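So this first bit is one chain, no partners, the form predicted on its own, shown in structure tokens.
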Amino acid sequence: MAISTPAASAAAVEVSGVGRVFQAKGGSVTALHNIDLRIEPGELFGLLGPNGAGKSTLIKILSTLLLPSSGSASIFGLDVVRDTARVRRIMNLVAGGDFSGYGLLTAREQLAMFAQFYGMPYAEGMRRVDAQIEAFGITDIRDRKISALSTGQRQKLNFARSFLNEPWMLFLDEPTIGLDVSAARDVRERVRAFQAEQPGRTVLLTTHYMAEADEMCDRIAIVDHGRILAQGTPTELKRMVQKETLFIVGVDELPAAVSLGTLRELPGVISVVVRDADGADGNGVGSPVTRLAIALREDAALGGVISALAAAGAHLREISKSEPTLEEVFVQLVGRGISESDSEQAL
């Protein structure tokens, strides 16, 4: 089945004023409040939010599994409500912990079944099935029944299934949940390779793993109570917590010829404080190290500080850049950790 290339001028995802209201006992529950979002072709975009924030609801709307209560959304220029069939031809979805299929089928038979569902001619479908089996390193289980597979093997098979139709838009909803470290790494590498194979392929990822989001995502939106609280690159989001650049510089000792006051007067320096002056080399051995915490307006100002220390006779022992984590950004914006929820139901 040939899939035409989406319009290059269209956003990969365009969401305008999308809301979603569920009817529940005792009244209605608003899962999404007037969401606006744009994702460019080729991006790997992350959605972070606590349980019940509305992430999965948004993905279900974008993947045509759920109708919005208000607003509009499109995938590569195709409206998710009016152009449902066309959207489904250029997208796919992997949800962690979910698995579709029949336990009596073998792994290869399962993928072949989905190739038929996707409308592929038999020969082309089997070619893609075997290519994905090899790509995900599951050749050894190709003839094993689904019922005998482990959680990690089933999830790899889930990914292989999602790549069969070579989608332009891939939705990953907690895709590595329940996977061991090695399997999760394999999946992340395959996702990167999938995007690299064809410029323009786009991924929308939700995850509870901050390190995974920081490593993989070009941009991230933080969502809570159905609203986007902030979005930007991981670096931009971290700057929301820490406006200045902070370096830790370790020297044998601070020479008498240079004082903290002298360093603070250098161009681009905001502050200089002694973080510790009685430690050793970080492992508890060796000569003492004086560590200075130096806040700068920009990274380039560090050169002047290092030059001043060297000119005064200080011997540089170590240098590192200190940045806030995405977890710190998340907690500051949301007020709780990502695994915490003030809702009884994840939406």
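Everything numeric in this text was worked out from a predicted model, so none of it was measured. The first residue of the sequence shown is number 1, and the count goes up from there.
Keep in mind that the form predicted together with a small molecule is not shown, yet the notes after this line are about it.
At a distance of at most 4.5 angstroms from the small molecule in the predicted bound form, all three residues 29, 50 and 55 contribute at least one non-hydrogen atom. A residue is said to contact a partner when one of its heavy atoms sits within 4.5 Å of a partner heavy atom; residue 88 fails this definition for the small molecule in the predicted bound form, lying far away. The small molecule is not drawn, but in the predicted bound form it has no heavy atom within 4.5 Å of residue 154.
Interface residue remark: residue 174 is counted as part of the site for the small molecule in the predicted bound form, having a heavy atom within 4.5 Å. When contacts are judged by a 4.5 Å heavy atom cut-off, residue 201 does not count as touching the small molecule in the predicted bound form. In short, of 302-310, 317-325, 288-296, 56-64 it is 56-64 that has heavy atoms within 4.5 Å of the small molecule in the predicted bound form. In summary, among the residues 190, 128, 208, 108, the only one with a non-hydrogen atom within 4.5 Å of the small molecule in the predicted bound form is 208.
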